[in-house]
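Next up: a single chain in structure tokens, the form predicted alone.
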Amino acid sequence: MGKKRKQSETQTAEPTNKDEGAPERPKRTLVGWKDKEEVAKQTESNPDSSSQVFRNKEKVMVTCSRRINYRYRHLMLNMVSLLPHCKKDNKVESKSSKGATLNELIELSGCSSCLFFECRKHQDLYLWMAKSPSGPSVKFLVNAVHTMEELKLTGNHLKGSRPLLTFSGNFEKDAHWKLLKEMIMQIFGTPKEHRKSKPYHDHVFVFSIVDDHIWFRNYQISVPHNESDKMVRGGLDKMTLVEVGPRFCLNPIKIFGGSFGGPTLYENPFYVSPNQIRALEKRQKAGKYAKKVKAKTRRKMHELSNPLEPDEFADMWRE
């Protein structure tokens, strides 16, 4: 039999606190680890600094209507890949009550803006840009759509990198263009130090106004490198832009004071709906057919009014 242990050995030792002398772990934030001592020093030096710090918490919800075309769905997915601060949501029925539904979804998802792709008659695409919940909102007709998949361009930038936004000079011409520029800057500009974005600027979003339409292009900033992946001397002067895609054109229809509705701030006087364009084309085709029918009736009336004289040699070979 084994020896019995002494009573002093059987007594359990009191647990020692290992973290007794260790420093307290700093609080973690979206930016990184936050040191309490540094924050205390900043607040002592400038007590109003905490209230003056601005953090861009812009978050965009991207969604579409039901029965959307496959090309327009691919365009929406391209925009989702270009905006790291966006959130994709389920499809929404495009009825008269879509505004209240979308505002509720935006509030539930914690977003402040929305890009809503609305498809009508499986062929017409409308884009809603809205700031929720107080507005304003803009309705565009989307034309000249070309997705990344069908363009097959050579550009290729880092996914999630922050874009540079460039605008043509005529955005400062009228008040409604200034409002659209501010909305585009807030929606398409990736917030600084966003957790899903990369700290690089390697592509450019170009917005230009031509014929009262907003044309969108996406270019990669290409810089020449050596074989050792180092920048060539003077390479910044040799930078080029390589198009990545997608491409589309926005025709503004109306600007509303609220979110997906409200008082009309601006209405495009030169806007013609796609239904009217198709109706005019049908009328032109119907006009061609009507001309043929009128020509046939005129020919018949001419033949009746000007009958041919009887031919005297008609019965010559009949026996």
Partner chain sequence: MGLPSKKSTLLTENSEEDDNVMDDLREEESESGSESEEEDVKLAEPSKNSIYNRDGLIEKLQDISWPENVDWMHKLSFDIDQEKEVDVNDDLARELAFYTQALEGTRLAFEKFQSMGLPFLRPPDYYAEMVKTDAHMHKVKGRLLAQKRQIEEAEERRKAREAKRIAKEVQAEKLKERAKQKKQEIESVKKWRKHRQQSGFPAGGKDSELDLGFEDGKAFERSGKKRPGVFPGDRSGGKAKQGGGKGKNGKNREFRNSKFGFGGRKGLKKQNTAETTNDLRGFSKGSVAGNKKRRR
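Only a predicted model underlies this, so the values are computations on that prediction, with no experimental measurement involved. Positions refer to the first chain, counted from 1.
Not on display, but discussed next: the form predicted together with its partner chain.
Mapping the unseen interface onto this chain, Arg247 counts among the residues with a heavy atom inside 4.5 Å of its partner chain in the predicted complex. Shown alone here, Asn56 lies within 4.5 Å of its partner chain in the predicted complex, counting heavy atoms only. In the predicted complex, its partner chain stays beyond 4.5 Å of every heavy atom belonging to Lys294. Interface residue remark: Asn143 is counted as part of the site for its partner chain in the predicted complex, having a heavy atom within 4.5 Å. Only one of the listed residues (Arg195, Lys121, Lys95, Lys152) places a non-hydrogen atom within 4.5 angstroms of its partner chain in the predicted complex, and that residue is Lys152. Applying a 4.5 Å heavy atom cutoff to its partner chain in the predicted complex picks out Arg162, Pro163, Leu164, Leu165, Thr166, Phe167, Ser168, Gly169, Asn170, Glu172, Asp174, Ala175, His176, Lys178, Leu179, Lys181, Glu182, Met183, Met185, Gln186 from 161 to 189, in order along the sequence.
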